[in-house]
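A lone chain, given as structure tokens: the form predicted alone.
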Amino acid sequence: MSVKGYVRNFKPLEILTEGQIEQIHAATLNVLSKTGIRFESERALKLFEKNRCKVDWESNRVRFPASLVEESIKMCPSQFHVKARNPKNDMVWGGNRTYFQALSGMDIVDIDTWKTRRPTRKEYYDGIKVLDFLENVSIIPWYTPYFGFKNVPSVMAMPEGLAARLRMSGKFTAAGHTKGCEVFNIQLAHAAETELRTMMAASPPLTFYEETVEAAYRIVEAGFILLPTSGCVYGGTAPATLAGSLVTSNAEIIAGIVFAQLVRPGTRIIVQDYSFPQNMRNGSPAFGAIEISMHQAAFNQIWHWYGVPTDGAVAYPSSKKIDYQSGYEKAIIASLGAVSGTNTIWIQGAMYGELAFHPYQAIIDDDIAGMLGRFLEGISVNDETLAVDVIDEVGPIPGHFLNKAHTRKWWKQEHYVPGVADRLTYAEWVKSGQKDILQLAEEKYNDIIDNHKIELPLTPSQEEDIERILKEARDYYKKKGLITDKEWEDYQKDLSSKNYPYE
């Protein structure tokens, strides 16, 4: 199914004044020039030193001049084209456009017990099949739907997962990095004739480790899209105040932008706010908290001011079940992200943080995305939608609008119809078996698995290339000693299964 993005047709929510934005910007420049950012990469330190930065080689700190910061931000395109494997799913990021993307989870969850376990290969592939079907999933990012699957060594989880997404969907995907796997991910993307997006994640506070920097080098040099990310926790790895955490997270992200633009001027950037308040009762991130939305709304406004596309709404709930709490936490974060003008929203599929993913959750979440998308489109006001003539024709009671051509033409355009939510009358609901949302999602899931077909499968030659690249990755990590003998034995059994690669 082709992707469906939405164009916001009204001014975004603004939570900060112009003066407050300028204060946060000035404070960020102060941190970048005075405190600096630590880069655990000799190669990056040399690059910065050659480009007007002050480098303290003992502490690996880089201090950035304001002029270089502002030049680098201006190099970021405010809008850009994104190439998916299926050209029908290409996108334009930036401006007033908003797309929804799936959320990953480490494991699958049992709906009866709510306990988690490692998914099978078939469950991984079926999860992607569901996301390919869902109308409002435009992006299937890294580690999605799960952080790997049974019998696959952890070091191969990312290349195997990317291969699965390329096989099961023509939508845009992303790839992470660990132990140099971005080398193979880039090859896989080239084989499938698609682009990738990869994050350059800071390690708060104010640090980038060598593995992250090297992966960013490779992604930027390949001409792909970079996602500089701060994953700070307010009160833990960033100040407890929202303003202070915005300063540190923006400083980390801007350092990533400067790096990218020095490596390849004009690199396409989308900035991500992946931050949470700390739950002071237990020290974990407080997923689902309203402060997340406040931070992300301010983040979106600041980066609109900079003119850089945003990834500023990550809707992880605190609930461990698919329940009312999960629904309101996801809906509030996604809604405030949408109206504050983020360009991408993460919502479909995940439960508590990154603990688990379930396709039923993704199916339910897609209704939330569709409702928000309809809201973003706004209200069309013209002679035809004002409907003065048809109002005059119908007049007062006993007149009605149900039998009018105007109604037949406009109701599906104006009214959002959910894919799975219960909108029956009470009598209809009782007659149909009193099904709850989980039962309806299960029915939808079974229908998708039985009937959905991928619109543009990989060609035989593309499949051969993907298998060759995966084999190279497997052999490389085995020789490096990063796959144990037991893992290799289980892995080979999985690969020799008669149902490989799909089950």
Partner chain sequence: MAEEKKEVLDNLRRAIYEYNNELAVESAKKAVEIGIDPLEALDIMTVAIREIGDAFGRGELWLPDLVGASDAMQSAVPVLEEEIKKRGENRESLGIVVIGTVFGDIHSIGKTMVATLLTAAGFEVHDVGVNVHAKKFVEAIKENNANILAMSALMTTTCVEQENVIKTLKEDGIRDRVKVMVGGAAVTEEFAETIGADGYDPTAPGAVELAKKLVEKA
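The shown structure was predicted, so the numbers you read here are calculated from the model rather than taken from an experiment. Numbering follows the first chain given and starts at 1.
Another form exists, predicted in complex with the partner chain; not displayed. Remarks below refer to it.
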property	result
Location of the partner chain contact in the model of the complex, chosen stretch of 394 to 402, 245 to 253, 170 to 178, 289 to 297 [non-hydrogen atom, 4.5 Å]	394 to 402
is_contact(S318, the partner chain) in the model of the complex, heavy atom dist at most 4.5 Å	no
Any non-hydrogen atom of K431 within 4.5 angstroms of the partner chain in the model of the complex	yes
Contact flag, S284 vs the partner chain in the model of the complex, heavy atom cut 4.5 Å	no
Partner contact for T207 in the model of the complex: the partner chain, 4.5 angstroms, heavy atom	no
Joint contact, K83, K88 and V92 to the partner chain in the model of the complex, by non-hydrogen atom at 4.5 Å	no
Contacting member of F375, W114, W305, W411, with respect to the partner chain in the model of the complex [4.5 Å, heavy atom]	W411
The unique member of T385, Q79, S203, T407 whose heavy atoms fall within 4.5 Å of the partner chain in the model of the complex	T407
